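For reference, the chain that follows is the form predicted alone, supplied as structure tokens.
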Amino acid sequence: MDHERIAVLAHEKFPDRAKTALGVLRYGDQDVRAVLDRDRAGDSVSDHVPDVADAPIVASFDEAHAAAEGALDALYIGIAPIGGGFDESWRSDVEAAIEAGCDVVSGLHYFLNEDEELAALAAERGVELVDVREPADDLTVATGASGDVDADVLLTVGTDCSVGKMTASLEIVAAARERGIDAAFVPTGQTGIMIAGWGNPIDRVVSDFTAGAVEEMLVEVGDDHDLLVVEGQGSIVHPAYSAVTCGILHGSMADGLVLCHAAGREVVHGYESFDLPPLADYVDLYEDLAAPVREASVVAGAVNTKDVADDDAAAEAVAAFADETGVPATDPVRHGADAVVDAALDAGLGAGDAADADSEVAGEGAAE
């Protein structure tokens, strides 16, 4: 089957403030034919992001459609602003996409299907408006079933929002698969859902159902894999997003945690009057909060060093994090995620049948 051919809207935000666009470019299997950013028009993706497939950056959907010679299936909204609102300056591009017969995929809290003008135009043109942040209508409370799935569960947790939990999760899954571990990614946010093509948008779920929405996903896939890597959201110290963090922590009933941090981050992103606590405090915070539902240790750290230009300085930041937290650490993008996979295996996670076989051999008195 051909990959979906898409344009990605990232006006005035590409690349640093368009994490949905970057996530789809880096990890999605879509064929990105153009990026819309009126401030960067005339550039190429490779001018700003070197490690993804190149595409032209254009000022409007009409230009994207022309650049792709009409071969576009969908427009993705590649921006996830705080609050998830719809910027009216995007409307002309969304309308142009619908007029051209393209679906529109959005991760906003603003649902396109509830916009009367866009919904009417989509119905007229026979295209689909996909609001990935709209949760299923059959979610319910958690029952504790996550603790019964066959797979081991690794959850990424953060020192803050926007530190790279989704990226770390995807890199860990890729590294685990390279090692022959049957690992799968469990998406909980709009970008992860766009990349994976499934998932529950946890930050849009009724609060009583948050843990249940995570549990529902784990039950769906948990007996088909040896390791599930659940994408965390927010941070337990975040003044706005701590509730979703706790819901995922308890709903996943994780066996191990990976603490994610942005190197140099000292205050809460977007809430700069709130200081981040010392790194070591997070280990106790997350482990203590998990314990009443299921004991889980922080087994490793993932340090986002994208804003550290010097490789030696980046390595020092990772080493300092490991020293402060007392767990192995890596930048999963810069240095690979093998250190996290090693730590998970050392904790007995993800080995599947191999762990059982090793235990049997050890029980027979095999010498090492």
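Don't overthink the numbering: it's just position in the shown sequence, from 1. Being a predicted model, the structure only gives us computed values, none of them experimental.
FYI, the form predicted in complex with a further copy of the same chain isn't displayed, but the following is about it.
- F185 falls outside the set of residues with a heavy atom inside 4.5 Å of a further copy of the same chain in the predicted bound form.
- At the 4.5 Å threshold, heavy atoms of Y110 stay clear of a further copy of the same chain in the predicted bound form, well away from it.
- For S207, a non-hydrogen atom is located within 4.5 Å of a further copy of the same chain in the predicted bound form, even though that partner is not displayed.
- In the predicted bound form, no heavy atom of S92 sits within 4.5 Å of a further copy of the same chain.
- Stretch 241-249 is the answer when you ask which of 241-249, 154-162, 83-91, 120-128 has residues with heavy atoms within 4.5 Å of a further copy of the same chain in the predicted bound form.
- The contact residue chosen from V283, I236, A175, A262 relative to a further copy of the same chain in the predicted bound form is I236, the criterion being a non-hydrogen atom within 4.5 angstroms.
- Listed residues V258, L227, I202, V104 were compared with a further copy of the same chain in the predicted bound form; I202 is the one with a heavy atom within 4.5 Å.
- Annotation for 284-298: interface residues with a further copy of the same chain in the predicted bound form are L285, D288, L289, P292, V293 [heavy atom within 4.5 Å].
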